[in-house]
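Below you will find one chain, with nothing else, as structure tokens; this is the form predicted alone, and questions on how it binds or moves follow later.
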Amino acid sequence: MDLIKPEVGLIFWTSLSFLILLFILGKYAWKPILAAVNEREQSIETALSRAEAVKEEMSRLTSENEALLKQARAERDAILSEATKVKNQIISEAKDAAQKEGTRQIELARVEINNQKAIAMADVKNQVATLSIDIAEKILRKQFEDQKKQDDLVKELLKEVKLS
């Protein structure tokens, strides 16, 4: 039972040794330990703030990249749209030019055909006239072999002239 009831001397020496230990720890151990804990706390806070800053920077860069991608896509779409318009315009102009050239060629061919037709008609008329004159000459020679027929024809023509 002695162990359950401490004596005054034991309490005094235990308290004295505790106070000395407390003083030594306070003077030599707690200040460096607390300083190390504070330093560690500061380094952790600095690392967290840097991590937060890096996270914000990454977020900003990501949003900038997305904006640049959107802008690049918009520019690409604009360029493709412009290229399509130019292509359609070139095709339209080529079709118009081809149609005009075709119309011009057809008109030239029509004029050439009409010219050739007129030349052919004139040639046919000349041949018909030549043949008609030849036939008329042969017929007249045959008819005018007789002098009496010639006199009758002249009289008849004179009557017609006077009547006109």
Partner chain sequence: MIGAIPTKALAQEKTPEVKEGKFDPGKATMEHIADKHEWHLLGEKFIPLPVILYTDKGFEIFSSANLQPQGKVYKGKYYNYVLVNNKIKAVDETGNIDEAANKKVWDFSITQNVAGMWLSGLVLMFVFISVSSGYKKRTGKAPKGLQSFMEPVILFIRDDIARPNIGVKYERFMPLLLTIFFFILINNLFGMIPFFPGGYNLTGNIAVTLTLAVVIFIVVNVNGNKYYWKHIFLPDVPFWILPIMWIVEIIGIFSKPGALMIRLFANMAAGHIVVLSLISLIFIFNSLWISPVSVAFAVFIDIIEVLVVFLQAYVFTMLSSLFIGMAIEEHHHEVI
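Predicted model only: the values in this text are computed from it and were never measured. Just so we're on the same page, rigid core means the largest C-alpha set that superposes within 1.5 Å between forms. Numbering follows the first chain given and starts at 1.
The protein also exists as the form predicted together with the partner chain; that form is not presented, and the subsequent description refers to it.
- The closest heavy atom approach of E64 to the partner chain in the predicted bound form falls outside 4.5 Å.
- In the predicted bound form, K159 stays away from the partner chain, with no heavy atom inside 4.5 Å.
- At the 4.5 Å threshold, heavy atoms of I11 reach the partner chain in the predicted bound form.
- A residue is said to contact a partner when one of its heavy atoms sits within 4.5 Å of a partner heavy atom; L34 meets this definition for the partner chain in the predicted bound form.
- In plain terms, the part of the chain that comes close to the partner chain in the predicted bound form, with a heavy atom within 4.5 Å, is 23-31 out of 23-31, 54-62, 102-110, 115-123.
- With the core held fixed, the Cα of I44 is displaced between this form and the one not shown by 2 Å or more.
- Taking 2 Å as the criterion, G26 counts as shifted between this form and the one not shown: its C-alpha moves by at least this amount when the rigid core is aligned.
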